[in-house]
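Take a look at this single chain, the form predicted on its own, given in C-alpha cells.
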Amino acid sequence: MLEITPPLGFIQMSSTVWTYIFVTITFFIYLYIGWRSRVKETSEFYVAGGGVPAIANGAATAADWMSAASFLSMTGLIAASGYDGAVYLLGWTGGYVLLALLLAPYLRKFGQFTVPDFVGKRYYSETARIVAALCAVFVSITYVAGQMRGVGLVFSHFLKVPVEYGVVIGMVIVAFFAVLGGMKGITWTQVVQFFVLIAAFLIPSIALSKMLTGSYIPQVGFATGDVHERVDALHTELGFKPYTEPFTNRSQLNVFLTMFALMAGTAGLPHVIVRFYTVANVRAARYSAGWALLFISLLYTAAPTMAMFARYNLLSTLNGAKVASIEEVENEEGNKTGQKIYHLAAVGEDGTEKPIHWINTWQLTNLIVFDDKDGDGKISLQKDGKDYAEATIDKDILVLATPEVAGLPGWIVAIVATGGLAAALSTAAGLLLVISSSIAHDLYIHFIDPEASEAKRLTVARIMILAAIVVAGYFGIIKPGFIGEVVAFAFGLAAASFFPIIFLGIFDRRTNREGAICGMVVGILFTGGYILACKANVILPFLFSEPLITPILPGWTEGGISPESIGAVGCGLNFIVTLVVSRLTPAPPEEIQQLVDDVRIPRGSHAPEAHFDESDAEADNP
C-alpha cells in the first residue's frame, strides 16, 4: 500500500473552499477581460483586428489547443490504456507540428478571416464555401461537446451537483464572455487561461514526482525512477497485461489509423487555424507557432508522467480497501434512492485503518461506483473483462482525482479543478467563435443579407454562438464517449473534410473547385456516417437501442476499425476523390494557379538561374 504523506504544507482549508476561491477569482478575471474587450466591429470579433502580439497569440493558441481533452481526458486515457493511450499524445503533438510548419504560414498569406473564406477564394466557388462552412460547424460542434462535458465534470465535483447541471452552468459562463468579446476577448482570456491551466497541471505533477521518485522534475523522475516497474507488477498481479506493453488495448491497425486521423485532423482544425489570422503578418504567424509549440510541450511532456503516477496511486490505494460501511442515499423527501455509497478504509501493513474520504463526492455523482460482489468486505480491482471486478471508474476524472488520491493539500486539489475549467472554457470559446463565423460570416452575410450593417452582423454572430452552445450542451449531457474519444471524433471529421483540401489548395495548383467540393462531401459524409453507425444508440438513444452497424457486421464495434480511427480512411477517400475529379474536369483559372504559386514562393525570391544574371543583382539583394 502506498504511504501517503503530503509533501507540501499550506494553510489548512478544505479543497472545496479553495476551489470556490480560485474559481471565483479566475472567473472574475475572465469576465473582466471579456467586458473590457467588447467589440463593435466584425474584424475585431472574428480575428481580434489582426493585431495580437506573437507571444500572446502563442499562449492563446496553446490554451485553445490544450482543451479538456488534453488536460483531463488524455492523461486518463493514457493511465487507463497504458502504452496504447499514448496514441493521443503522439497524434495531437505531431499534428500541431504539421500545422505549424507545413500549413500555417501559407494560410496566413491568403489573409482570409476563416477557413471557409480560404476555401471560397482558393477554389473560386461559393458552393465550396458553403460546404466548408457546414463542415466547420459539424466539426466544431462535435469538438465543443467534449469541452462542455469537461466543464460539467468539474462543476459537478466541487458544487456537488449532477454532471448535467454542471454542463448547464458551464454553458452560461462560456456564453457570457464568448458573446461579449468575440475573438478579441477570447484571445486575452485564453492568455490568462494558459497560465492557469499549465500551473494547475505542473504543480501536482511536480508534487507527485517528488513523492514517488524523489525528483522535482516529473520527466526526470519518469525516466530514472522505478514507477513503471511497480505499475507493471501491479497490473500483472491484478490480471492485466503490463502497463508498458504495446497493443494490449488497441490493435496495431487502430493505433496507426487513430494517430494519423489525429495528426491530419489537427492540421485541419478551423479554430486553431483561425488563430494565425489574428497576428499582423506572416513573420508573426511563424513566431506565434513557435511560442505555442514551446508552451504546449510543457504539458504534453508531463502528461505520460502524470498518467503513470495516477495509475499507480489509484491501484495501490483502492485495491484491497476495506468496506467500513455502506450507506443508501436518500432524496429530499427522505425516501431511499437505491444509490449506494461505500465508505472505504485503507489498511496499512500494521493493521491500522485510514478512511478514504475522497471517493465520497465522486460516488455521489456516479463517476465512481463500487460493488462488493463477493461480499468479502474488500474492494477488488482484479481484471474482469475489460474493467475492474468491483469498481467502475470514469477515466475522465483521473486528473481531477489524483491530487486527492495522493493526499495532496486542498489548494492543489482546487487549482487542478480551476485548471480543468480553464482548459475546457478556453477551447470551447474558440470553437464557438468558429461556429458563429461559419454561419454568420460565411453563410448569412454572403447569401442572405450582404448589405447587413455592422451591428446586425454582430447580432447574428452572437445569436449563432448561443444556438451552438445549446446543441453542444445536449451532446455534453448525453455523453457519446469519454472526452478524449468525442474530441477524437471531431479530429477525424476535420481530417476527412479539411486537411486534403487545405494541403492540395497550397501545394497542387491543378486541384479545382469540382474536386474540392466532391472531396469534402465524400470525406465528411463517410466519416460522420460511420461514427453514427457505430454510436447511434449513444448519440440518439431515443431512436436506436443498438449500433446501426451491429445487424450488418456483428462484433464489428469490438474488433473492427474504431470510430476514433475512421477519419484516416475518410481523409484518404477525400484525397483520392479530389485528385481524380480535379484531373477529369477543367483546370482552375490562370489567376488562381498564379495565386497558389505566389503563396508558396517567399517574397523577393526568383528563379535559380537569375543568380547567374548580373542584371538581376538587385533581386539577389532585395
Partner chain sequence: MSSPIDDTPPVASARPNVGYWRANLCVIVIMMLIWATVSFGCSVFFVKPLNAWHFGSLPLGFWFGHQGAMYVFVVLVFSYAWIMDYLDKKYGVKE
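Not measured: the values here are computed from a predicted model. Each form is matched to the other, and the largest set of C-alpha atoms that superpose within 1.5 Å is called the rigid core. Residue numbers count along the first chain shown, from 1.
Here the subject shifts to the form predicted in complex with the partner chain, a form of this protein not shown in this document.
Q: Checking a candidate spot here: are 90, 509 and 590 all in contact with the partner chain in the predicted bound form (at least one heavy atom each within 4.5 Å)?
A: Yes, because 90, 509 and 590 each have a heavy atom that approaches the partner chain to within 4.5 Å in the predicted bound form.
Q: Have a look at 398-406, 201-209, 137-145, 303-311 and name the one stretch with heavy atoms inside 4.5 Å of the partner chain in the predicted bound form.
A: Single hit among the candidates: 303-311.
Q: Consider residue 291 of the chain shown here, and say whether it contacts the partner chain in the predicted bound form, taking contact as heavy atoms within 4.5 Å.
A: Contact with the partner chain, yes.
Q: How about residue 78: is it within 4.5 Å of the partner chain in the predicted bound form, going by heavy atoms?
A: Because a heavy atom of residue 78 falls inside 4.5 Å of the partner chain in the predicted bound form, the answer is yes.
Q: Even though the partner chain is not shown here, does residue 373 get within 4.5 Å of it in the predicted bound form, heavy atoms only?
A: It does not: once the partner chain is placed as it appears in the predicted bound form, residue 373 has no heavy atom within 4.5 Å of it.
Q: Examine residue 263 and determine whether its closest non-hydrogen atom to the partner chain in the predicted bound form is within 4.5 angstroms.
A: Result yes; residue 263 sits at the interface with the partner chain in the predicted bound form.
Q: Could you work out which of 366, 352, 127, 252 is the residue within 4.5 angstroms of the partner chain in the predicted bound form, going by heavy atoms?
A: After the contact test, the surviving option is 252.
Q: Listed by sequence position, which residues of 242-260 have a non-hydrogen atom within 4.5 angstroms of the partner chain in the predicted bound form?
A: Read in sequence order, the residues that approach the partner chain (within 4.5 Å, in the predicted bound form) are 243, 244, 246, 247, 252, 255, 256, 259, 260.
Q: Once you overlay the rigid core, does the Cα of residue 80 travel 2 Å or further between this form and the one not shown?
A: The answer is no, as the C-alpha of residue 80 shifts between this form and the one not shown by less than 2 Å after core alignment.
Q: With the core lined up, does the C-alpha of residue 279 move 2 Å or more between this form and the one not shown?
A: Superposed on the core, residue 279 moves its C-alpha 2 Å or more between this form and the one not shown.
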